[in-house]
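Only one chain is given next, in C-alpha cells, and it is the form predicted on its own.
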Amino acid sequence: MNARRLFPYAIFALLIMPAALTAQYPVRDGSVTNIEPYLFAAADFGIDAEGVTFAKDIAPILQRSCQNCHRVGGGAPMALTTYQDARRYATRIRDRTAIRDRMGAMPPYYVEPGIGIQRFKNDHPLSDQELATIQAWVDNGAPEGDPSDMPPPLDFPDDVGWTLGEPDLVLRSVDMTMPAVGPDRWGDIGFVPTGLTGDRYVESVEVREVNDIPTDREATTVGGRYIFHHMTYSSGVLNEDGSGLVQGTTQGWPIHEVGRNADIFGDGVGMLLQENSALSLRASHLHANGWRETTAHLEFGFKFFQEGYEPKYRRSGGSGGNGIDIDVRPNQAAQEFHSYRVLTEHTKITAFEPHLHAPGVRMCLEAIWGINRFMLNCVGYDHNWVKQYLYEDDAAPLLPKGTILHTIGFLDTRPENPNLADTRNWAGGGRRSVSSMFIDLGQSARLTEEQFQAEMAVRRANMKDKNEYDIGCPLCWAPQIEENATTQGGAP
C-alpha cells in the first residue's frame, strides 16, 4: 500500500484561508479597563423581557453554572441557592456575568467568543441568550415569579466532592497547618507511595483540598476556604529505601491550583503511574486564610484506563512562552509578550492553559502555516481563577510539523489591576505571583504521519462539504497525492 503525503505546503499556502471566525463581540486588548460588557436585547432572542422570572428562567442557569461554588460550604462567597440570596446580589450577577471573558467575570470561563475554536470539554459558559435573560430579569426588577416553577434544589455532597466522579485511586498528602495570619510557606512536603503492583495509564486526575474549615458557613473570599494555593508535583519509581525517586523514571504532572479544573488526558494519550511509584510533592505553596488556623491535606484522585491499555500517541507539553527573561514594566497597560515555537512533529493540542501571574489579563494562541495565520483562541486571564481549556477531541488543533505556534501574552501593571500588590516596581520571571510568568501550561500529543493522516480523515468525514472549514485543521482540505506520483512537467 502506497503511503500518502501532504501536497507541498508552499502551493497550498497560496489558497486564502480565514484567520479566525468572524468576531461579533467587543474587541479586547491587554488592559483591565477595556472591559466593555456584553449586553443583549431580550427581544433579539424572542424573550419577553417582562415575563422573565427567577423561578422559571434564572434558577436553572444558576444551578448549572454557579451553585456548585456559590452555596453554603462551597468555595466561593455569595450563596445563590435561593431567590432571597440571588435577589440580594441581582445587580452584581448581571454586571459580573456581562464581563464574560475578562478578569473578574463569573462564571470563571474566559474563552473569547467569535474567535477560533469554541468547543471544549466540561465547559459551562453562559450563552448570549442566557446573558440576555439575566439582564432582562435584573433590569425588570428581578421578580421571583411562581415558586411552583422552581426546579428541585440540587443535592450537594457533604464533602468537597469529585467533579469527574469517584476515582479508581485516591492518594493523600500529609496534613499541613497554617495559622490564621502569617507568612506564606513554600517547599517540599514529601512522598506519597501509590501502592501500585503494576503499571497503569491514567485517563484523568483531579486534585482537591480537604480541610477543617466548617462547611455550614458561607465563605467571604475564595482564599478563605483554602490554604493550599498550588502544588507542583511529579511521580516516579521509589528507590529501595523509599527516600527518593529512581533517576530516569520521573515525570511531571499538571499543576494543582485553587479553582483549576480537573485534567482529562484524552483518548489515545494518558499518563503513566508505574509499579512501586510515588508522588513527589516537591513544590507546595501554602498561605494563611485570614480568619482561622486551618489544617488541610490534598487528595489526588486518579481514574485509570482499562488494564493493558497502551496509548497511541506520545504526550507533550504546552505551546511555549517565556518564564525566564521577560521584562515587565511598572504602571503600564497592554504590555505584549510574544513566543514562537516551530513544531518538529505533527501535533494535536489537547488543552490550552494560559499562565501569566498577577499582571496577566489575556493570552492568545496562533498557528502560522505558510503565509496563513490561524488564531486558534484568545482567552482572558485572572490569576484568582486559573483555568485550563480542554478541547473536544474532534475540535482540537491538529497541526502539521513545520507549523509555527505563536503565543501572545497581555499584561497590565497599573493600579487598575486589583491583583497586583504594588505597581511601582519592575518585575521579571519568577515562581511567585508578585513576579511574572508568560507560559502555556497546556497539553498536546505528537503524531506519526499515519496517525496524522488518519485524524485528518476523520475530520474531513465530519465536515459536510468543502464550504465547511475547520479552523484547527489547516490541512484538512489540502490536496493529497501518492508518495511516488509525479505530474506532467516534473514536480510532484
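So that there is no doubt, residue numbering starts at 1 and follows the sequence shown. The model shown is predicted, which means the values in this text are computed figures rather than measured ones.
A second form of this protein, the form predicted together with a small molecule, is not displayed here; the remarks below concern that form.
**Student:** Please pick out the stretch from 176-184, 114-122, 240-248, 89-97 that is in contact with the small molecule in the predicted complex, where contact means heavy atoms within 4.5 Å.
**Tutor:** Stretch with heavy atoms near the partner: 89-97.
**Student:** Would C69 count as touching the small molecule in the predicted complex under a 4.5 Å heavy atom rule?
**Tutor:** Residue-level check for C69: yes, a contact with the small molecule.
**Student:** Examine A76 and determine whether its closest non-hydrogen atom to the small molecule in the predicted complex is within 4.5 angstroms.
**Tutor:** Yes, contact at 4.5 Å.
**Student:** Flag P400 as yes or no: does it have a non-hydrogen atom within 4.5 angstroms of any non-hydrogen atom of the small molecule in the predicted complex?
**Tutor:** Looking in the predicted complex, residue contacts with the small molecule do not include P400, since no heavy atom lies within 4.5 Å.
**Student:** Report whether the minimum heavy atom distance between L126 and the small molecule in the predicted complex is within 4.5 Å.
**Tutor:** Although the small molecule is absent here, L126 would touch it in the predicted complex, with heavy atoms inside 4.5 Å.
**Student:** Quick check on this chain: which one of G145, G370, P108, P254 has a heavy atom within 4.5 Å of the small molecule in the predicted complex?
**Tutor:** When the small molecule is considered in the predicted complex, the option within 4.5 Å is P108.
**Student:** Given that the small molecule is left out here, which of L62, I47, A55, I35 has a heavy atom within 4.5 Å of it in the predicted complex?
**Tutor:** Contact check passes for L62.
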